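Shown next as structure tokens: one chain only, the form predicted alone.
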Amino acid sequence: MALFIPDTFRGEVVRPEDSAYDELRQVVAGDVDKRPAVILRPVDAPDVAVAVAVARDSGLPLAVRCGGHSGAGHSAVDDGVVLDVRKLKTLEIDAEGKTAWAGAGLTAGEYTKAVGEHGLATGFGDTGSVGLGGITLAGGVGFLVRKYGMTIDNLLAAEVVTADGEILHVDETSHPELFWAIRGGGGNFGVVTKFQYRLHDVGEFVGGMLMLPATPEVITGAIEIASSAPEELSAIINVMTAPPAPFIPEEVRGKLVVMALLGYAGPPAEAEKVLAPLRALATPIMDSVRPMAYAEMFPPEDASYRPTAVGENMFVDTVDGSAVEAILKRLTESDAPMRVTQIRPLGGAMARVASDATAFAHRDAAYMVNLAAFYTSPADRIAKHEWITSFRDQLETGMPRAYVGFVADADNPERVRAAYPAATYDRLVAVKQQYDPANLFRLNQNIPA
């Protein structure tokens, strides 16, 4: 029996027999191949409320998708309802007031390009094709994090459709607990249809990629320099196998390198002084760092690229010499066609926000570390998952801490709990009990009521 969709729904209804179905159900992860009963593509918040009611009243599982980057596959669902917000692309820029209202269907790249025409920016992550909804609700750690904080530190208000179909304006004074929860608590509490962001002047910016040999001295030096640099510099230091990309010299493809993605929010002359010690660590294999518009940090991506990989994530207080040795040893011994240890020095503006100001609470962490390994078969996936979990356990320091946006296990309550200190988690449960007691929004890193 076909699922009944009310006439009040004005968006697009896509069923398995429709020609657009296979394209629209596809997500980024190459190992996710789910077949929803229906894909609903709303055009505004009232449409979202209808779509939420369809899932709630039918009892079918509900997946909410924007960019489709969920490593755990939460952007899709078998035999359920996919609420695809990608038609919600409104954007109202107040350049003078330095704020913007953005529809949840926009990608980080689309938003950044549009506001960049005014010399302005809001920091998101390191990938342009991610949806605003997913990255904002998780927290947002990217190329402006040390200068201007996380994405959620620049979220001023939001429009949220709750499980009972209410359309709420939430901010510091209206539904303040819900506003607190959506800043790092993921998609547990409703469907956010619009975000109001603070904008910053980034008229001068220097960014790009610096590739260096992967030696212990280079890795340790890069971490120390990026950590102690002025807050204008945010760095993502990847120790990884060089991919077979045409812009990478053939002789280093497949070998371990340090691929540092660098963003300096300030004048080029100052950037050159800050970046000089990094360039002096070794003769660069590649150096594309240059003055640019901030939006150029998000170049066009290959929409057909659907990697099959497993990943782990953690926050740590140190990445010392023994950790660097372990990273090189693990990456050298692995047979994964692509493997990477990513180190993001934190601090700066992100660390100056109180730990209880948002649902993201790991403000004092010195580094975020991400691990990833590509796999080639179902059996290889099991092996690589065991390898990467053991790798994480070796590097993790102190109490397990995680970033909910990079928790890739589809159902791992322990890693969800690692994303939140106990007091934060308890507060999130209370918000869940108020706004979604039946756990309609459960296809996420779930916090049950």
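What you are looking at is a predicted structure, and each value in this text was computed from that prediction instead of being measured. Residue indices: 1-based, along the sequence shown.
Another form, the form predicted in complex with a small molecule, is not on view; read the next lines as being about it.
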property	result
Candidate stretches 92-100, 212-220, 109-117, 190-198, one within 4.5 Å of the small molecule in the predicted bound form by heavy atom	190-198
The small molecule in the predicted bound form reached by all of Val85, Gly134 and Arg344, non-hydrogen atom within 4.5 Å	yes
Distance check, Trp387 to the small molecule in the predicted bound form, heavy atom within 4.5 Å	no
The small molecule contact in the predicted bound form: Tyr403, any heavy atom under 4.5 Å	yes
is_contact(His69, the small molecule) in the predicted bound form, heavy atom dist at most 4.5 Å	yes
Interface membership of Ser227, the small molecule in the predicted bound form, 4.5 Å heavy atom rule	no
The single option of Asn154, Ser75, Asn313, Thr241 touching the small molecule in the predicted bound form, heavy atom within 4.5 Å	Ser75
Interface residue in the predicted bound form among Ala265, Leu371, Ala181, Ala104, criterion: non-hydrogen atom within 4.5 angstroms of the small molecule	Ala104
